[in-house]
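The chain below stands alone and is given in structure tokens; this is the form predicted on its own.
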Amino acid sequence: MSETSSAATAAPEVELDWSIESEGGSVVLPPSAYVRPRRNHVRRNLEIIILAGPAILLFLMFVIAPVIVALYYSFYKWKGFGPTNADNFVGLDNYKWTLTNPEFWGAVGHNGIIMVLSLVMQGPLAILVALLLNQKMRGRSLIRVLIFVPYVISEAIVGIGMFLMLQDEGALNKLLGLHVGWLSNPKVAMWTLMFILTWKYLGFAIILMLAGLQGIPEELSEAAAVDGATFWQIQWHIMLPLLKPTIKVWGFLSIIGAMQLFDLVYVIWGQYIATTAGVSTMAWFMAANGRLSGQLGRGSAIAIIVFILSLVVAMIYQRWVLNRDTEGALTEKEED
């Protein structure tokens, strides 16, 4: 067979068209231009895996895994030692006991009160102090340090100090000549707790607000001052609107902290007085009826319920408050 006949029977070569049509005519692109996006996509995914992999692994080990283990033990009448088997399997009894316990719902209500009062009391005060400290004045750095000191003190130290000072025969009553049950009176104990929380965590809120104010260009306030705006007009119409993202982030942290409050309540009021004083929280209820009572299975069920409530609150806040700050922030959108 000749070379011409074999060439005729061979499959014809197909030339790929690497050109694209444009208004000025067709533009020919090299084949590498079509391979490069795929390589960039693979490289980007590899970078994400390398950089985010350790964080995801730690999250799975110290967050997701404990939740799964707690969920497992919540179906057993488990005391913290020994095996789990069919003899101590109780199903949903731990959840039923928790959800039908009025003390638990009282603790949920106390967490709600602490959450609202924290936002109402700490937020405006922190914003006001931050706006004042954002101005140039003598001793500003020293004032910032002194305000932040209570936040770095251990909760155990603060709790013991407040417990000794606020007893019926403590230093505060003797100093003021009063006989107020700051810790035992249900009408006063919640306000006592809020005073302690405000004193303890106000410094963190102020520093966070100051960090947000540092990101606002000074030219805006200077231009408003040149136009004749007063100090408070500048703060109200310029600083506060631009500070909203920081305020929302602080609000989220304050809400989560209020729902997880345990250490100060336990150190100051102990295992039994918190309920009668009206300051019990969900975390305190979990510890009192779980680890401290030798019922770790029941405590695990309470922990799962608290986790679900906190997750729901966080998702609602994320959806209706934080999510609005990201609308319009994306510069690229995927084509349908």
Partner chain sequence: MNRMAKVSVVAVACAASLALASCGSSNPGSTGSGAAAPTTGGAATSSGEQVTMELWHNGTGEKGPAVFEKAVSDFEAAHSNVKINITIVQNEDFDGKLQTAMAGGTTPDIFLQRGGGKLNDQVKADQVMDITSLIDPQVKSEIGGNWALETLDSKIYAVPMSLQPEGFWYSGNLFKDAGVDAKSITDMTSLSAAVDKLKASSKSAISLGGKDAWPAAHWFYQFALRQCSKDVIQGLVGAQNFDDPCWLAALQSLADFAKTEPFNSGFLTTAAQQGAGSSAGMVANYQAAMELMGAWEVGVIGGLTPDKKNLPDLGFFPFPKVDGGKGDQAAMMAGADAYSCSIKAPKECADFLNFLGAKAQQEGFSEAFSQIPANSTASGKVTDPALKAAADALAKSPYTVLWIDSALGQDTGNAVNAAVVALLAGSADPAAALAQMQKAF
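Remember, predicted model here, so these are calculated numbers, not experimental data. Positions refer to the first chain, counted from 1.
Below: the form predicted together with its partner chain, not depicted.
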In the model of the complex, which of 119-127, 190-198, 235-243, 82-90 comes within 4.5 Å of its partner chain (heavy atoms)?
-> 82-90
Listed residue (204, 250, 104, 78) with a non-hydrogen atom within 4.5 angstroms of its partner chain in the model of the complex = 78
Residue contact check: residue 131 to its partner chain in the model of the complex, 4.5 Å heavy atom | no
Give a yes/no on whether residue 285 approaches its partner chain to within 4.5 Å in the model of the complex, heavy atoms considered.
-> no
Heavy atom of residue 279 within 4.5 Å of its partner chain in the model of the complex | no
Quick one: is residue 309 in contact with its partner chain in the model of the complex, heavy atoms, 4.5 Å cut-off?
-> no
Pull the contact list for 289-321: residues with a heavy atom within 4.5 Å of its partner chain in the model of the complex, in sequence order.
-> 291, 292, 293, 294, 295, 296, 298
